[in-house]
Each structure stands twice: as structure tokens, then as C-alpha cells.
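Below you will find one chain, with nothing else, as C-alpha cells; this is the form predicted on its own, and questions on how it binds or moves follow later.
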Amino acid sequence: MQYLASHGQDKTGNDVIFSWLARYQNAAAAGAAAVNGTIGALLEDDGILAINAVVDAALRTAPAAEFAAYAPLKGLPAFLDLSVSLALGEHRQALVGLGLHTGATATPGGSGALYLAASNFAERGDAVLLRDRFWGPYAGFLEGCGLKAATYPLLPSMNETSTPHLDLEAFSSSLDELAATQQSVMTWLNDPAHNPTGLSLTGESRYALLNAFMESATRNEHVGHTLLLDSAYHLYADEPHGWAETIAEALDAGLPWPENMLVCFALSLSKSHTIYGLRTGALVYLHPEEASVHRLNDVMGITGRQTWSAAPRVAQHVLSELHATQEGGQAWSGERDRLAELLSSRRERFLQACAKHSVNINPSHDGFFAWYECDDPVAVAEACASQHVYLVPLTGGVRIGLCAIPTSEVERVAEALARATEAIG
């Protein structure tokens, strides 16, 4: 195709998640008693998309103009304020009191926030530091912005002394390598409720990672350092604002915030407010210099204007109004708590079933997913599919979408994994 540029020619293949979802759908349509563990959306136990009824009711009463009108390029001011509060929670005022300034830009979903970061916080040709198990589209966002990925292990090795669920030595070593060869260092950390594993760092590990990042920025004062926290699932975690708490603890303990360091939150309201298709999110950023935050507001607004124009307006308006009152916020959180309990009960039952059937599942704490580490993910997924249990094979393992699996079918998934492991050897 001569009309495609060379970088367009490289865009081939189907999304692995949606291809396995299609296999489930075909099996179910053919009458099989199939289990769907593929999709990354929260379903009720009857298989219907879970929807926060409070958000749905508020949307349906929004004025027509709020559906039809453009939003400001950077987002509605009330929504930007809400985004900061959703990212930082009850620690917002403490962080401001400790000298941090906050800013935000509205984006089309969490993906838009990731794009803003990839587009602006790393030099073309740089590598961005990721854990070696990550959401697949990360690679596409980076590649589309002329970036590469560098990785460190998701978990420490068995004989290595480290903090819980964090290979701190590997993380620090990777930072040193990138800082020695690049003008900018950025790491993306999907925490808490990591996709695809459901792993969440402890407070000890958060503090150790932040300290390592601060020390790297201090040693390499001419290298920009950006810690991006992908918060797509954080409002379903046991510690939804753990990172804000950890940052406050570090500053209160006197750890210096280097001028060349930025912390960002990539916020998605798709999951927390069950409005996937309305594409609403934000990039929230923290820095001790107010002028730097104002400059970031301009940069992000211009980037958005040059990419998607303005993020959709209606959810920005509706959610700002909903959370503006204590009654509205409590009503939303009541529904959110119900959905979080649904996820928690499925996870607890799944981990118990895995123990019962001797399935060596990875540590999994929060959010939508669990993870089975293995050498041949496709073979494991195929063996499960032969039992009409449909999961997603990814690099290094199989993702189990607890968000989609009915509670009554959770043990069946553990049984399928046990049989798959036995069959493959």
C-alpha cells in the first residue's frame, strides 16, 4: 500500500484481548456454557455490564447543551478540581500545606492521560521504564510517540532481599542506566490494582520506590524525572489514595523534592464511575513550583488541542455536579462500594480455589484482574478454552478478568487452570 507511510505499514494484527473475547462470544452463541474472563469491564453476576446507578441517573438529567457543547480545551474548571481530589483524596490539603502545587488537564479517558505523558515527558528515542508485566497498549502509546520500553521484574526473585512486591534493586539499577544515557527519565507505574495482575504495592514499597526516584533525580540534576502513576483502578483498591499518603509522608519526613522531578496521576473515570464509552479522564500533576504547574497546563492543553481538540464535556459537567455535594458524593461511593465488594468477593473465592486446586497464582490484591505466570501462556489459555473457560494470554502469563467472571463460576476457572497446568506439564 503505497499510500501508507512506513510507520503506518507496521500497524498490523488484532488486539489480543478482543480476539479472545470474540472466541468466548462465539462459544456462548453456539450454546456452550462458557466463562468469560477476557474483558476489562466490570460485569454483574448475570453477565450484564455493571453500572453505577447514581451516575447513570445524573447523566440522564443533564441539560442538552452539556451533551452537545464543546468543553474548554483544558477541561471544565470544576472537573479539573474534582480530578485532583479523586487522585489525592483526603491527603490533598496536606500536600498543598507541604508546598506542592497541583494542576490537571481533562483527557479522553485514562488513555488520553497516558498519551499526554508519552508525548511531552520523554525525548523521542528514549526508553520509558515499566514493570515487565504491563497493560499491552502501553507499548503502542510509547511507539506512537517515538519511544521505547525498558523493563524491570514485576516481583523480586525468591532469594533476593527487597521490599514487598517490589524489586527495588532492579528498579534503582534501571533508573541509573536510563539517567546515564538520556535527557529524561520517565517511569509508568500502574498502582494500586495493577493491570494485568491485581498486585498493589505496600506502603513500605511505595515509600522505597519514591525515595529511590527522588535520589536519582537529585544525583542527576540535569535529567528530567517523571513518575507517572496509572490510577485506572485505584478507587477499587483497599488504599485508593496510598500514593498521596506516601508522598505526604516523604515530604513530612524532610525528603527533598528535586526541581527536576514531577509526579503525575493518569486518572480514568471509566471504571470508577462506569462510564467507559464517555471517555473521561485527566492527567493530574504535582510540583513545588507554581510556575511549572501553569506551564504544564499550557503544554497539555495545546497537546490536546492538536490531538483530540477537547475531551467530551457531559461527564465532566455531570460528575462535577454530583461530587459537589456531600449527598451526591456519598450516593456515588455507596454504589462504588457495592461494586468493589463484588470484586473483592470474587478475588477471595478465586484465591481460595487456587489454593485448593494447587494453582500457583501470583500475588493479587485489588482491582479487576488476577494473573497466572507461566512459560507458555497461549498453551495454557488454549487448554482452558478447551474447557470453555476463556482467559487472555499475554507476555509471561495469563490474565484472569475477575471483573467479568460470575461469582458462581470463579472456582471453575481455578479448576480449568489446574487441568491446563497438568495437561501441559
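One rule holds for the numbers: they count along the sequence shown, beginning at 1. Predicted, not measured: the structure shown is a model, and the values here were computed from it.
Not pictured, yet referred to below: the form predicted together with a small molecule.
Open item on the list: Quick check on this chain: which one of 175, 114, 343, 100 has a heavy atom within 4.5 Å of the small molecule in the predicted bound form?
Closed with: Residue within 4.5 Å of the partner: 114.
TODO: Scan 211, 270, 260, 151 and let me know which has any heavy atom within 4.5 Å of the small molecule in the predicted bound form.
DONE: Of the candidates 211, 270, 260, 151, 270 is the one lying within 4.5 Å of the small molecule in the predicted bound form.
Open item on the list: With a cut-off of 4.5 Å between heavy atoms, is residue 110 one of the residues that contacts the small molecule in the predicted bound form?
Closed with: Judged by the heavy-atom cut-off of 4.5 Å, residue 110 is in contact with the small molecule in the predicted bound form.
Open item on the list: residue 135 versus the small molecule, in the predicted bound form: is there a non-hydrogen atom within 4.5 Å?
Closed with: Residue-level check for residue 135: yes, a contact with the small molecule.
Open item on the list: Can you tell me if residue 118 lies within 4.5 angstroms of the small molecule in the predicted bound form, counting non-hydrogen atoms only?
Closed with: Taking the distances in the predicted bound form, the answer for residue 118 is no, it never comes within 4.5 Å of the small molecule.
TODO: Classify residue 230 as contacting or not contacting the small molecule in the predicted bound form by the rule of any non-hydrogen atom within 4.5 angstroms, answering yes or no.
DONE: Residue 230: contacts the small molecule in the predicted bound form.
- [ ] Spot the stretch among 119 to 127, 69 to 77, 216 to 224, 230 to 238 with residues whose non-hydrogen atoms come within 4.5 Å of the small molecule in the predicted bound form.
- [x] Stretch with heavy atoms near the partner: 230 to 238.
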